[in-house]
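What follows is a single chain, given as structure tokens, in the form predicted on its own.
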Amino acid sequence: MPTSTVGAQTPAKASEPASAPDPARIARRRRLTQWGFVAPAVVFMLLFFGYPLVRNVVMSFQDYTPKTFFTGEAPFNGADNWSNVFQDALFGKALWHTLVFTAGSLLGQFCIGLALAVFFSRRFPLNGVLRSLILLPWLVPMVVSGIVWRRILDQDTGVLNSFLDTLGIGGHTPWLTSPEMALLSVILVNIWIGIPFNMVILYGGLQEIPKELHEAAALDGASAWRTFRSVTLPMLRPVVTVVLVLGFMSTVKILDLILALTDGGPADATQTLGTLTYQNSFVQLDFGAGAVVGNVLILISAVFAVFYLRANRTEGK
């Protein structure tokens, strides 16, 4: 039988030492990979946020009219647009209405949302069903909510006045047609819409608070209010910051709800910076003045965005 050669070994050839990887090349490739992932987001932000922002700032210093769309001519007029807007009494009124509308909406949404979040943090039958139903106002489009509430608050045929008339309280309240009541009515409708958002975020924050802290407070003899004030609220502070800042940035620029309810009236009683921007740009076709008011809104939102980022950074440390 032939001799087996399975176990035979041939002398291995001496291999050349592998060259060490170039650290600079690896770092360069890693940076290119990182930029490859970031580039689409950067391009998107520049095209859909950066360019409109710069264009809006430039437009605020131009005499931009419907004629510009045909001729392409929009001569610079310096600070005339800014001067005209700031000297207009309607701008000051709209700014005040915006502050009142935003402050009232945030206060109502936060307080009621926090109360509901605390209520639903306890287990009871149909807890999940009720929480799901409360989310409905948040899911309905803003325009639809505005139209429905306009019907409800109608002075003559509205459901609310009919109900109040049945109770004998007074069923002819001009909720949307009185300059004294219109802004309050719009604020109440916006509170109704924003409660679910506040409740969901605050409810999630409450679930993250360790139960041991409440148990320790109970063992120390703390009352429910003392526990809430000394344990729950401090632990909720980061979530509260997020809710208030995001709520502010979404409320300060609301347009569709006010247009659906009152269209800025009556007698400009519900005119805000958002509706004033719309009126200047698309009703009076004064695009320069509309750009000025829009820039003011952007500036206000940017200030609170910086506050939000700094608050998050501080909480992270």
Partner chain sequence: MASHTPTASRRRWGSTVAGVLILCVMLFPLYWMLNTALQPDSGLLQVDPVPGSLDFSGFSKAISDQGGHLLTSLAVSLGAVAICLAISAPAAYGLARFGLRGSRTIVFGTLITQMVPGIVIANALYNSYVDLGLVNSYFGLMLADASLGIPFSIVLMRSFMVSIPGEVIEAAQIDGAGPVRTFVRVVLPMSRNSLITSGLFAFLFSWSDFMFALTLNTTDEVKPITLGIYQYIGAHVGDWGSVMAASVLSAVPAAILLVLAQKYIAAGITGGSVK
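For the two forms, the rigid core is made up of the largest set of C-alpha atoms that agree within 1.5 Å on superposition. Numbering follows the first chain given and starts at 1. Worth saying up front: this structure is predicted, and the values here are computed from it rather than measured.
Unshown form predicted in complex with the partner chain; subsequent notes refer to it.
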>> Would you classify Leu114 as touching the partner chain in the predicted bound form, given a 4.5 Å non-hydrogen atom cut-off?
In response: no
>> Is it the case that Gln284, even though its partner is missing from this view, gets within 4.5 Å of the partner chain in the predicted bound form, heavy atoms only?
In response: no
> Going by a heavy atom distance of 4.5 Å, is Ile134 a contact of the partner chain in the predicted bound form?
Replying inline: yes
> in the predicted bound form, does Ala269 have a heavy atom within 4.5 Å of the partner chain?
Replying inline: no
> Which residue among Leu126, Ala89, Leu167, Leu219 has a heavy atom within 4.5 angstroms of the partner chain in the predicted bound form?
Replying inline: Leu126
>> Just to confirm the contact call: exactly one of 78-86, 99-107, 156-164, 229-237 touches the partner chain in the predicted bound form at a 4.5 Å heavy atom cutoff, so which is it?
In response: 156-164
>> With the partner chain taken in the predicted bound form, which residues across 255-278 come within 4.5 angstroms through any non-hydrogen atom?
In response: Leu255, Asp256, Leu259, Ala260, Asp263, Gly274, Thr277, Tyr278
>> Relative to the superposed rigid core, does Gln87 relocate between the shown form and the other one - that is, does its Cα move 2 Å or more?
In response: no
> If we fit on the core, is the Cα of Val54 displaced 2 Å or more between the shown form and the other one?
Replying inline: no
>> Core superposed first: is there a CA shift of 2 Å or greater at Thr33 between the shown form and the other one?
In response: yes
